[in-house]
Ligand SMILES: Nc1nc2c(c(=O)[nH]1)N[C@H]1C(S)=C(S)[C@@H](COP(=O)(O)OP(=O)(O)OC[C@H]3O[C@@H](n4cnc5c(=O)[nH]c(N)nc54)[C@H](O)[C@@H]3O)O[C@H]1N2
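Heads up, the chain below is alone and in the form predicted on its own; it's given as structure tokens.
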């Protein structure tokens, strides 16, 4: 009998959608949105709908695999886990726990996915990754500024007079905000989009500003200079609720408007219009993740934060520097779930510099690596270096559903379940503050097992099985312990399907910030205490004005795939290279011409698509393609990290082109 059941999206995304899933005869037939959810309201994207295809695909790995003489052979779970556990015991005896490396990301979320931390903490420690390819520098920036990274409730947008979408293509990556923007325009709210790329969101804007890549922070300085010139800065906020303005004011005075105009490609009259938008609030600002994928990326977010704060748009309805919403994940009892106190030894690699760290030969060598919820050979920058690093490891274990580029080089592949084959609760610390329930809807295909089962079985073999002698529900309740006193229990989430977490709709409304001074910090005391430069300044991108490589390469999120997860399902093997009209004219190129994009790190071939009205020196190649589908754009990208730390600099990438 055909049934429709509630579920939830596990993908690493702003929107954290609630689903209605059609199931018949132990098979998922269709994924739709749940119209009863107050935020997602039945509207879901193609990536969410394709979770049906991911679950039912004939390409799924359904048995544990071991590489023997360069070929994968099916083995039993018992053999796979016994051999892996034995290697882990030997490594710990000869070296220490940090000889085991866990490379993971967030391709599939869920509260129980955090049990990987519990496992390695009980093992005694590990080498783990910190920072983020997506948003790490921006998170750190807002922690320096505000004390945390917090966003307004989605519908607070309707309290705005103006809204500025800065570097976020909401039509592709935040579809419910896009729907709100359409409604906002109907209500007379003025919409501005600032972005090097002209995309679907810019087409609904009242005003579009094509800023030069990496120059967003300098543009924010220009707007602040205009606000100061017109005596429109919020002097009450500056005097009573900010720290370090005098130092920052010197920066405003030192940088000339002519330099700002020349470097940003934004006309002075446009900067004046933007100043009027910020002074004529309430004005809400929604920041994208690409803004901080430069060496200067953390400072870019800090400068836009400063613009929002000093123009009087912090702590008020219809305002905000909306980037992340960390109080969502901070609501859960992660210490209880992960047993962080059991970690005896640890070492950290930054997520973007894993390859360099593995190959460095400094400290304890990496003898074994686990990869879960990620595909580093496609997603990490400087692909060639990444492949060299991961192939150098003696034993590589990959937990995945499909044969990714990373799985291809593994020694063991352990097949894991999809969202519809396991029970969990789901949330995202990015946009709204609802937690969604996802039940187990169908039996796992083949011998696929949940991540929780895999860590539990390894724990038994390594002598700490007692710490994993709990059911899925018992583990979920551990993570919800901190919410029980607020009336949020597992039983209630399961019954209702979704619950709003106790997160403020308008952060900082009391103007008490979580910084060392209790004020909004233009000079970060936290940074200074950590031995870093806490003063807010502008820095040019790492790769800037190189004659040999005159074009800025961006690598935005693909519309039809959550990073590298769907290309094999949509069978899309044509690399599209989007170029500006100016580049097309200079090189006599037309749509569908074949070109090579190259720099010192590598090259990639593809078909031309001309972008209209984008920044003149800009190229885009969507990230996420694996080798069978044209290869990763990360062949070209830089593996360094933001000057503020904890963020990648993939957009800090200059290239040239040649026609084939």
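Numbering follows the first chain given and starts at 1. Note that the structure is predicted; figures quoted are calculated from it, not measured.
The form predicted in complex with the ligand is left out here; the points below concern that form.
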{"property": "Listed residue (211, 143, 358, 476) with a non-hydrogen atom within 4.5 angstroms of the ligand in the predicted bound form", "result": "211"}
{"property": "In the predicted bound form, the one of 416, 139, 522, 397 near the ligand [non-hydrogen atom within 4.5 angstroms]", "result": "416"}
{"property": "4.5 Å heavy atom contact, residue 513 to the ligand in the predicted bound form", "result": "no"}
{"property": "Residue 118, heavy atom within 4.5 angstroms of the ligand in the predicted bound form", "result": "no"}
{"property": "Partner contact for residue 291 in the predicted bound form: the ligand, 4.5 angstroms, heavy atom", "result": "yes"}
{"property": "Exercise: residue 52 in contact with the ligand in the predicted bound form, heavy atom 4.5 Å", "result": "no"}
{"property": "Interface segment, criterion being heavy atoms within 4.5 Å of the ligand in the predicted bound form, picked from 128-136, 180-188, 249-257, 150-158", "result": "128-136"}
{"property": "Contact check for 168, 173 and 564 against the ligand in the predicted bound form, heavy atom at 4.5 Å", "result": "yes"}
{"property": "Those residues of 365-380 which, in the predicted bound form, come within 4.5 Å of the ligand by heavy atom", "result": "372, 373, 374, 375, 379"}
